[in-house]
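So this one's two forms of a single chain, laid out as structure tokens and tagged structure 1 and structure 2.
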Structure 1
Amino acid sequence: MWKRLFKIAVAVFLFLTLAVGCWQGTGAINSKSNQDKDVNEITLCESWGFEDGFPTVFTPGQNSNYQAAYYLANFYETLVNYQEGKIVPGLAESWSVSDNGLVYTFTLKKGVKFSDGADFNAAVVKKNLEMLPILLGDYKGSYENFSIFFKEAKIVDEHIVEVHLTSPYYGTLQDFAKPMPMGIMSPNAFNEDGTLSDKLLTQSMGTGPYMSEGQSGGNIYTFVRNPNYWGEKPYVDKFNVKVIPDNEAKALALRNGEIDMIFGSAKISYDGFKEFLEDRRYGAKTSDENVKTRFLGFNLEKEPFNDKKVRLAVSHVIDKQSICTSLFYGIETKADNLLSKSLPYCNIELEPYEHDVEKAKQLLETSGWTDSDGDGIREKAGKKLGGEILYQTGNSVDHDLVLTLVSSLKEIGMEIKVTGLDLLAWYAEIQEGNYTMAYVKTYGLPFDPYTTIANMNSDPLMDNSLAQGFAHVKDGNSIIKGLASLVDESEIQDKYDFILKELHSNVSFVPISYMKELVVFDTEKIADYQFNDQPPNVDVAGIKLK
């Protein structure tokens, strides 16, 4: 009996010795020391978890957090990809479009399997496309227009599928390149009635390079290589996503080795990014492409911003260059157009509204707004000149920018309060029109310019902050809807010229800056990171290890 106890004690001692050696006292996964030295493993971080699982369709009505959509490209693939401004093959090796623009015929790659072992074929593409409008529900058309024009999918043979539209749509292929909501899911991701399976709460069921392994330790999600992946083997075998809500704690975790990378401008302040940029121990990079536009939107139905002179005064008083230099450390560039000229159809010359405080004051004077009592705030007909800026909380850079805007507006006699809300509450207030000004961002690549322009249509109302911008135009909805069904490239360009010039001349929005995506990583573990052509998407396959 004593011999048996002695053997057990020795076994326990050896186990604990090994465990302590591997753990290194960090209290979390330490990606620099793995039990299996042959496994290339890294750890990233997020402010949230994957509680909503891994569907390719996220909507505010069904999901509490759709930021997980930025990880979908690691698990799911699309029929086509967006690269360097062009549409290139994805799960479809080729395609053709009928002369009338109503039928897209996709020839699919052969021998592709989903991570759960199911075969990729025309039948599963048909299933995904047919369920898309149902899964989007009231948000059909919010992230793409394809679901509005989709009529049916027909199987030609096992690897050829025809997609029929009710009307031509010029952005169809661009929409097909969006992992959310166009990523193709396994047939096993659906229940018999077409609804999504509960399996997706813990499993990713795609053809991409990685798959979910599940949650461990309460706040860590683990992902491993998809053994069925057909493409080039990525550098990283396994990655973890650790939930760290506070951005300062994220930076500390990177410095003490708990994590290896911080990805995304929402997860690191520009002050923090600059510190890492100046530290040789770390790599700090920005995307080459402009990702989104920060802008100020007006509710044109409410005073005082139903007056164009007031909107124009706001445009002149905001010192965009100073904001980009001081607040954004020169990482972001001044935006004079709502949509970057680098985007399709958007290379249009518009005369910018330059920073001119005196001109802003003069515009308000001519519009009848004066400071009669000397309190620094202008009045007209007994009403103070003011309003509020509604913005989304959770990002310190956004908060600092809004306060900077308020300070600038006070300089010309406007009393502006700030209201910060979480995403869903912010969206609800915007849709109800319960705001005077809103701090907004465009949808970004690959959604821009298609989705941003499409959502200026108010019937149905998908994004009131954008729809306000074109509400003043006679037959505005018809113009936006008509654009979607154009086939001739010159006609599409003419329509963009009109829309963008009209938005600019009416001062429907005040563009502020063009955003870049950010990434910071530990160079002792990671050699480099290459942003893909949809920079906001986390691309673990773009990580090169030492």
Structure 2
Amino acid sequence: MWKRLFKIAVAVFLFLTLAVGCWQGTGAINSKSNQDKDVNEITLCESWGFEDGFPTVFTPGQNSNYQAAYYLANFYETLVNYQEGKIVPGLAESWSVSDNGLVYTFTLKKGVKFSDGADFNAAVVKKNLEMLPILLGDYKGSYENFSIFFKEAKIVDEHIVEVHLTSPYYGTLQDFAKPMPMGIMSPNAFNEDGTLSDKLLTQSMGTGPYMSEGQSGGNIYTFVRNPNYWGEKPYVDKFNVKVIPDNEAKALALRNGEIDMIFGSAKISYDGFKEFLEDRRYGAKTSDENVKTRFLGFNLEKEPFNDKKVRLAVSHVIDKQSICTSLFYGIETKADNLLSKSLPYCNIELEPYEHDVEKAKQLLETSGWTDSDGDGIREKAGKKLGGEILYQTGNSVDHDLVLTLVSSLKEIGMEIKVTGLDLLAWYAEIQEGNYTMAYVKTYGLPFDPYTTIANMNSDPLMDNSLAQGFAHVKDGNSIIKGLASLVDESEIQDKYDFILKELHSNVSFVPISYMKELVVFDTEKIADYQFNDQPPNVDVAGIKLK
């Protein structure tokens, strides 16, 4: 009797659990489809939440991750924009630069309002610029160099503002195009003492097409159209960002309709991307523009890579084309220049070091490296030809690439170990010079080429993996420093020609491939996505709905 009762109780319990599960499931779907009828709403995903709100300045001192940095272009606008290597108008209709490069005069757009209702004018720009060095604190110069040279901002009239620098800086306008940290915030975003208002924790206060509506359910952030937006209305009325830390879970969420889009190469593997690309129900796109360069850097002070012939041999043995086709499924393209030709000042013809294993072997022979004991590894004066590649752990594509490089180097009798470290340990080892080779990526748009070139200066040493590459040039540091304050465009170009050619002829780096930005979306809802001019920025206004 009791046994039977128990069985019935278990059955009822199981049935109830099932019913509750199903009921919740359909409830969620119903609520989603109801919303769909009224407004054009889509859902994106991110690996972390936006607990630090929506200011335009995020620093490692205060924030543990990038927070909303890649979403800022939806809420904030900059005085100028970057488009295919050129600077185009943004919140400033036009601008002029004084002959000595010290004064930038911006004529601002009229009739622009912030999402909180405040007016956009010269006083707001002045306030934003004056607060920038304070908000950046110790990280002044980390995301831009403008704040280092900034002297003062003067209001000429309500819509004209003059920005004075202490010394000319050739990347000033490029800096002005970075949503982080140069997006213009409403005057209400600041407290009276200049610190940021707590309102920014839940609200965005910019002139961009969208604004934050707050957080719901703990892990969903909702954004709606900015009613005061001056420009063309974007397709999407409302978008949500759901926090899903794991990349596999993100792909699954897209498959089961929980989200409509995965944005960014950090959130989807190439294998995942390829699967979606082959599936008709999904759209998968890569940016036209190159975003970053993957490259190998050498420690030029250590054997055996202090020998140019050895570096050249490494350059010739790596089959970049095959890496791009098989490992990267053709998503990335072969890189011969450290900085992509599409970047400002970087369109320079260099003769590539093509894949040629025989030539690589020959180079090593002439340099005295021979395999005398027949173990497949070359020696010279009793020393084996080898070293290590330091790389950052955590990304499976990086891991696979490094192993492929090592296997190519073995072909020419080089014994290379791989050492994977987490970001901070990796950086520390490189700064200390405890490496022979390092697998690195450039900073990417919009930091290339300015920051990448600037960090080739070794005093102060910001990035040893870059500084090593230019250390052989006499007065190298003063050349890099001098470049920053040049005004004449042709002089700047000459300096770039010199630097990039020198890096190439010295084989300071082995560029491998140019990375692209990725996006995958559900074609039932989204027709297309137009990448932002700075492709790493998530740009909801670029989404076209069905």
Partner chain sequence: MVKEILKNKQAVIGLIMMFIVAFIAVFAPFIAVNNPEEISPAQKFARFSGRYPLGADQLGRCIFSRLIYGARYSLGIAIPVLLILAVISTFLGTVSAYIGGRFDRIFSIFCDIFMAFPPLLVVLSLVGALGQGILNIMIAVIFSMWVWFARVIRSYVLMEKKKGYVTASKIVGCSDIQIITRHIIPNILPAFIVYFSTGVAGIILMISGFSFLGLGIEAGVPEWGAMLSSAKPYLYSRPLLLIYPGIFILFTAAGFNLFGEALRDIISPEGG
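Numbering runs along the sequence of structure 1, starting at 1. If you superpose the two forms and keep the largest set of C-alpha atoms that fall within 1.5 Å, you have the rigid core. These numbers come from a predicted model, not from an experiment.
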{"query": "Displayed copy of the chain that is the form predicted in complex with its partner chain", "finding": "2"}
{"query": "Interdomain rotation between structures 1 and 2 (smaller rigid part versus larger, whole °)", "finding": "17"}
{"query": "Rigid-core-fitted C-alpha displacement of Gly368 between structures 1 and 2 (angstrom)", "finding": "10.5"}
{"query": "Shift in Å of the Asp356 Cα between structures 1 and 2 [rigid core superposition]", "finding": "7.0"}
{"query": "After superposing on the core, C-alpha shift for Ser326 between structures 1 and 2 in angstrom", "finding": "3.0"}
